[in-house]
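Read the single chain below, which is given as C-alpha cells and is the form predicted alone.
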C-alpha cells in the first residue's frame, strides 16, 4: 500500500504528540507522582509507535517503543520518576524530533539510536540511567538554541469551508454582473480588470475545493465491518471487494453518500445474496461477492455497487407496485429500466418478511432522493439469478458548475459544460427526421421546448448541442451521444448552483437553480432525466 499520501497527516499528528510529550515530561519532573500526566505520556508514545509502524518508519517506532516500556513501569508504580530519568527521556525526545525532521525532508532514517534504546532498557530494569554516547543521539539542527516550528497542516472545521464556498458563490454571481457590463463598454482597462478578478475568483474556488476533497476510502473504511456483521446476522457467507477508493469527492457529497451506501449494502446482503444452502445447491461460489467500484467520467464519479446474488424478480416487483395502487396498464407499459426503479417507491419492498436489517420498504426511496439531492443520478441493472448492480453517478464537487446558457421559447436554462461535446448551428429542416448524422453515427434528437412544455415559434436555424449521454441509457457501453435542440446559446459561465427545495425539488428536469448577475433565476438542466424521458416517449 502506498503510504506516502498519508505523510502530511503523520507529520501533523506526530508533531502534536511530541509537543504533548515535551509538556508531560516537564510536568512529571515537577510532580513525579502525577498519574494523569504519566497516563497521557504513555498514550502519546503509544500513538507515535503505532503510526510509525504503519508508515514503515521503524527507527522511530523502535525508539518510541522503548520509551513506552519505561513509561509503563512508571505509571504502574514499579519505578519512580527521577531527574536523571526525565533528562534521558528528553534526550530521546530530541532524537525522535530529529528523525521526524528526516521524514519531513525525505531523508533516510539511518541514524543509530541503539545507545539511547539500551539506556532506556537499562533504566526500565531499575538501574540508574547512564548518559548515552553523544554521537549516538541524533539531534535536530539548532539555530541559536531551540527551534520553534508550527505544523504545516491546520485543523479547520468543515463549516469554515462551507462558508468560504458560499462566499465564493456570491463572488461568481457578482462577477457575472460585471461580465454582462463588459459587453456594453469599449474600455479595455475595465475588461482586463474583470478578467483578472475572474482569474482570482477561479483560483480561490479551486483552492477551497481542493481543501474539501476527500478520498472515497475515508467513507468506505467501515464497510467491511458492516458486511461482516450483516453476514453473521443473516447467516450468510459474504465478501466485500472495493476498487477505485482513492478517487476524491467533495466532503459535502461524501457526507451525503454515507446513508445511501449503507442502505444499498444492507439490501444486497439481505435481499440480493441467497442463503448459503441455496447458493451451494445452485452451484454458485462461496463466499458471495459484493463489489464497490468507483471510476471517473469527466468531472463526475461513477460508483457501481454490485452483488452476484439472486437478482430482482420483475414479476414480484410489478405485483407489489400494483398492490400499492399503481395502475397495471401503466406498469406493463414501462420500459425495463423503469420497472426496476419501482423498488425506489416509498413503502415498496419485495422482502417476504420484515427483519432487523430491512423489509419495511424504507431505503431505496431514501437513496434515490439523497443521490438526486446533490445533483447525482441512480440507475439499476439486474439479471435474475445472476445479481444486481446499483449505479450512482455523482458530481465530484458541489455548488460551482461550469455551464452554458441556452435559450428556448424565450426562457433561459443552463447545460453543464461537462456534458457538452459540441455546439452546432443547424438549419431547422435538417432536424426534422428526429436524428442527426454526427461522428459517423445517427444520434437521437431531443427538443428541449417540447420536453419542458414550452411554446416556441418556427425558426430558419436552430442550435444543436451534442451531449455525452453515457450512463443514461441502460445496457450501453462506451460513449453514447444525443442531441439537445434549442433556439440559441449564450455565454459559458461559472454558476453558483443551489439545490432545489420542496416543492421545486419535484421538478425532475432541473438539477438546481442559480441567479444571474441581472437577478434572473435560471434552472440547471438535469440532462440524463431530460434525454431519458424524451427517448422513452419517442
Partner chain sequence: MEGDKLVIALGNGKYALDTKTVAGIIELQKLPFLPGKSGFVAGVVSFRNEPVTVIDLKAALGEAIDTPEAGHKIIVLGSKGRLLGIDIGPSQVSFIWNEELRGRTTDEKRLFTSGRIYAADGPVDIIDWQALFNETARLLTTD
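Numbering follows the first chain given and starts at 1. Remember, it's a predicted structure, so these values are computed and weren't measured experimentally.
Heads up, the form predicted in complex with its partner chain isn't pictured, but that's what we're talking about next.
Tell me, please, which stretch of 482 to 490, 32 to 40, 55 to 63, 495 to 503 lies within 4.5 angstroms of its partner chain in the predicted complex when heavy atoms are compared? Heavy-atom contact with the partner occurs in 495 to 503.
Please tell me which of 431, 452, 245, 391 lies within 4.5 Å of its partner chain in the predicted complex, judged by heavy atoms. The residue in contact is 452.
Exactly one of 193, 259, 410, 163 has a non-hydrogen atom within 4.5 Å of its partner chain in the predicted complex; which residue is it? None of the others qualify; the residue that does is 410.
Under a 4.5 Å heavy atom criterion, is residue 515 part of the interface with its partner chain in the predicted complex? Contact with its partner chain, yes.
Considering only heavy atoms, tell me if residue 507 and its partner chain come within 4.5 Å of each other in the predicted complex. Heavy-atom contact with its partner chain at 4.5 Å: present for residue 507.
Using heavy atoms and a 4.5 Å limit, would one call residue 533 a contact residue for its partner chain in the predicted complex? The answer is yes: residue 533 has a heavy atom within 4.5 Å of its partner chain.
With a 4.5 Å heavy atom cut-off, would you call residue 301 a contact of its partner chain in the predicted complex? The answer is no: residue 301 has no heavy atom within 4.5 Å of its partner chain.
Along 18 to 54, which positions have a non-hydrogen atom within 4.5 Å of its partner chain in the predicted complex? The stretch does not touch the partner at all.
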